[in-house]
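Only one chain comes next, encoded as structure tokens, the form predicted alone.
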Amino acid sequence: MQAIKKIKETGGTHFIDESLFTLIAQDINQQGYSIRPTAMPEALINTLYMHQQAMESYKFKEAGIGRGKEYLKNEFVRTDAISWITGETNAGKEWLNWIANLQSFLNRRLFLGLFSFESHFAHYRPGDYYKRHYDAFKGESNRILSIVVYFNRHWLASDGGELVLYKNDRDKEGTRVVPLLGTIVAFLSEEFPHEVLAAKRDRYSIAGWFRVNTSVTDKVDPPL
């Protein structure tokens, strides 16, 4: 089986990496999370890296908590800046194509019922952080699987900015992930509290969430 398949399409290259997808699925099935250092296809990670580095600062807004009318800026919880990915750029299209293939693969292998996906670029300036939190609470959200990809070249342990993934509320140590270029982290959104420690240099990433469909007659999900 070919490790990485590239399919040329209008607007970019379609990446299908079944070997990587298999490892991510196995990790999630066995322990609920996957940490794959520098595992993203090189061409895709370079495209996303170059795009994020070229983005003007006005495209980012200060992040907050909640969605839509419930959105609230809260500097006690987080201080990063974000820019939602809509697929309007070639880099965004290639990212969403890759994610669509991962979604299809995980649904076939793990029967997760992943229905839609949302994601944003994130920029943490020196000193920015995101305190310990869940991406979803049991029975209160339709976020099922969280995914993070990093775009930081030559990152050192002394630079800080690690993602700390905790096994549960009692875990005080957690597993630290250095945000090195191409590293992928995926975890069940309701199961793992996590935080982003302050860094000493600018830190770039994509954060995203696979969702299930909770639409009803008078309510469409996901909300606008």
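Residues carry their position along the shown sequence, with the first being 1. None of these values were measured; they are calculated from a predicted model.
There is another form of the same protein, the form predicted together with a small molecule; it is not shown, and what comes next is about it.
I need the one stretch from 43-51, 168-176, 29-37, 189-197 whose residues put non-hydrogen atoms within 4.5 angstroms of the small molecule in the model of the complex.
So the stretch in question is 189-197.
Given that the small molecule is left out here, which of V148, L102, I85, A91 has a heavy atom within 4.5 Å of it in the model of the complex?
Spelling it out, the residue with a heavy atom inside the cut-off is V148.
The small molecule isn't shown here, but in the model of the complex which of R125, R153, R109, H133 has a heavy atom within 4.5 Å of it?
After the contact test, the surviving option is H133.
Does at least one non-hydrogen atom of W209 fall within 4.5 angstroms of the small molecule in the model of the complex?
Looking in the model of the complex, residue contacts with the small molecule include W209, since a heavy atom lies within 4.5 Å.
At the 4.5 Å heavy atom threshold, is L163 in contact with the small molecule in the model of the complex?
Flag for L163 set to yes.
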